[in-house]
Every structure is written in C-alpha cells, then in structure tokens.
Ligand SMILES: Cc1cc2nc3c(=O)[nH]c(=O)nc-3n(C[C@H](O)[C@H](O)[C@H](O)COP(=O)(O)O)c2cc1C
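Single chain ahead, written as structure tokens, the form predicted on its own.
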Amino acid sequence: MTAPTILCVAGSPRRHGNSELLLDSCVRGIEEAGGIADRLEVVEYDITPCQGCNACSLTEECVISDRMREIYPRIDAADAIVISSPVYFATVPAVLKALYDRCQPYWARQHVLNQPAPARRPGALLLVRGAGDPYGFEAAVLTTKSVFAVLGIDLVDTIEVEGVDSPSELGRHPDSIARAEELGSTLVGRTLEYRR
C-alpha cells in the first residue's frame, strides 16, 4: 500500500509566522507516521481572485491562466488536506480566500453539470489569531467547511490558538504544538481508514 499524501496548505500572506509554525508540527507528525507531506505555501503562487464569470459552469475548468493550474492536480491527488491559517478580521486572509474561491469549478461540476461528488477524504484546520477580535474563529471555520464540502473533505479536527501576535509567541502554547503533531499522525491513520 502506498504512503498517503497529505496536502499541507500554509495560508498566511507572511512566511514562517505562527500558523506556518503550527503546520510544521503537523508535518512532523505526518512524516513520523509514514505519510508524505505535500507542502503548499499559498503566498508563493500569486493566485488571481475568482472573477465570477461562471465559465466553469460551462467548461468544468477555470478560465484564468495562472499558477492555480498547478494546484488543482495537487488537490485532486491528496489523500487528505490540512490547512493552516491566521485569522484576519474573523476569517482567512485574502491569499487563502483567493484559493478557496478558485475552487468554484468543483462546485460547478457537482451542482450545475451534475457530475458525481469526489470521493470522501479527511481534512483538518489549524487556526491562529491574536487577541481583541470579539468574533473569534467561527467565520474562518465556516468558510473552510464550505470549501471542504465541495472537495469531498470531512473536517476531522480543528486546532484554534488564540492570543499570539508574533512568531515567538506560539512557543507559549506547547500543548497546541504537540496536538498539531499528533493530528498529523492521526490524519495518516484516517486516510488509511478512508481507503478501505
């Protein structure tokens, strides 16, 4: 049996911040459990926002020609997906939201073109935010669940870390770091369950 590939999406516009450090822990757990971590730093891809043209409802594909075309096959090939993101104004940052919105072809295939839904896969969400926003994590979670729904992803766990504003502050949350590593290992096991 081949090792499961887990797409590990770093959704921050800033490299090596708290959310990516949390993802690093998850990647360690994936690799220690024998999985393959396919890392994707969204900010490196300069994804053009969806233009709402609805062409994918006719063609099954997005008409925008950019590096998102490199990402679609990685989404399709993944046995599981984990997304790590900071929370900006209660939801995910623009660079990650652009990727989410460009998943519209998956929605169009199912809900307009009546194609079968993709096979179910497990997924997870790692969220980090500073203090002071009264609206918490809920919008970021719901936005991600919406995307996961069209990708055939079952959200098996969410880790939420609050009150971290600089990269050095994540170290004050060793339980969350350990939990992220454990989640990576758990995802590998869950992918094998889904294959049965």
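Quick caveat: nothing in here was measured; it's all calculated off a predicted structure. In case it trips you up, residue 1 is the first one in the sequence shown, and so on.
As for the form predicted in complex with the ligand, it is not shown, yet the points below apply to it.
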ask   = in the model of the complex, does A131 have a heavy atom within 4.5 Å of the ligand?
value = yes
* Would S12 show up as a contact with the ligand in the model of the complex if we use heavy atoms at 4.5 Å? -> yes
**Asked** With a 4.5 Å heavy atom cut-off, would you call P86 a contact of the ligand in the model of the complex?
**Response** yes
request  = Report whether the minimum heavy atom distance between A90 and the ligand in the model of the complex is within 4.5 Å.
outcome  = yes
With a 4.5 Å heavy atom cut-off to the ligand in the model of the complex, the contacting stretch among 46-54, 25-33, 131-139, 62-70 is 131-139
Heavy atom within 4.5 Å of the ligand in the model of the complex, from candidates V147, I159, V42, V164, belongs to V164
When the ligand is considered in the model of the complex, the residues of 8-34 having a heavy atom within 4.5 Å of it are S12, R14, G17, N18, S19, E20
